[in-house]
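Quick heads-up: it's one chain on its own, the form predicted alone, in structure tokens.
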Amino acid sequence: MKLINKIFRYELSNVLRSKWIIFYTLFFLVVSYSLFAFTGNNSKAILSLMNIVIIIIPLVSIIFGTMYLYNSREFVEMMLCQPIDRKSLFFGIYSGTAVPLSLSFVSGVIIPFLLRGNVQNQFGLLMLLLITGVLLTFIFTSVSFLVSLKNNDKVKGLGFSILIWLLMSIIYDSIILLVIYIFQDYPVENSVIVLSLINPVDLGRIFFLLKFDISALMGYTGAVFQKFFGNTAGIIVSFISLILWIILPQFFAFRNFKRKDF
């Protein structure tokens, strides 16, 4: 554990100095401050932020994580020459990548909220937004590590990462609508729930919007999810599913890391 903490602290300081992390923080600072300053209703501002979060966070996390691991290959090779076990090295690098991204997002949203938002009335809603963003950060960092370790070629790995983001963030809903249209004469509610569980972006949106009890903004999958589970159970199921989405890609990435010949 001490070794993981040492590697984590090194990676944390290294990543926080990156100009991309600074830009990432400034992006959320500017967008959040603008929404809280120029939107009369803080709930609407947080809803607007959520629409940005479910697109930007997966994109930045998967691309940054993929490129960072590729660029850290020489560091990994050097560390493996030392008496360091691969588990400590892997989780040190992983946490040192995901945590700075999460901190950048959290600070970029919470500072404008404290300056312009109604802290007492909307703080719980903001916490739900921050939890969703942090979960998506850890999920897509796990996916990025899995992609990087599966592909030795940097260009191919980056291409796969962008394809995964496009599939989960943009194309996936169209696929679900196509499935619903083709099988409209059959009961597809259970299948839709399964389909929503295998897309973390959809799960993140459902997890957040169930708090609002507004099915219209959740899309078809969210409405079915709410109808099947209800609000409280739906939030619990979606949260557990998001945690599993962190663990499973991380597990397969670590298994590849242990077997990989650097």
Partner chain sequence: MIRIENIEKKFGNVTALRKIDLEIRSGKVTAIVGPNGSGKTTLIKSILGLVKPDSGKIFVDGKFVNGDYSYKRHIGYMPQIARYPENLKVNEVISMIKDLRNSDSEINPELLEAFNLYKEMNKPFRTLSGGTRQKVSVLIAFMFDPQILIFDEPTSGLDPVSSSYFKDLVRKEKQKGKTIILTSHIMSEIQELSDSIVFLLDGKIHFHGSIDNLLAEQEEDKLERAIARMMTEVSNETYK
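Because the structure is predicted, anything quoted here is derived from the model rather than measured. Positions refer to the first chain, counted from 1.
Although it is not shown, the form predicted in complex with the partner chain is what the next lines describe.
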In the model of the complex, does Ile175 come within 4.5 Å of the partner chain, counting heavy atoms only? no
Hey, in the model of the complex, does Arg73 get a heavy atom within 4.5 angstroms of the partner chain? yes
Touches the partner chain in the model of the complex: Tyr10 (any heavy atom, 4.5 Å): yes
With a 4.5 Å heavy atom cut-off, would you call Leu166 a contact of the partner chain in the model of the complex? no
By the heavy atom within 4.5 Å rule, which residue out of Val106, Leu125, Ile84, Ile131 makes contact with the partner chain in the model of the complex? Ile84
Sort through Val99, Leu80, Ile162, Ile180 and report the residue having a heavy atom within 4.5 Å of the partner chain in the model of the complex. Leu80
Residues in which of 85-93, 138-146, 106-114, 154-162 have heavy atoms within 4.5 Å of the partner chain in the model of the complex? 85-93
Contacts from 19-39 to the partner chain in the model of the complex (any heavy atom within 4.5 Å), listed N to C, are none
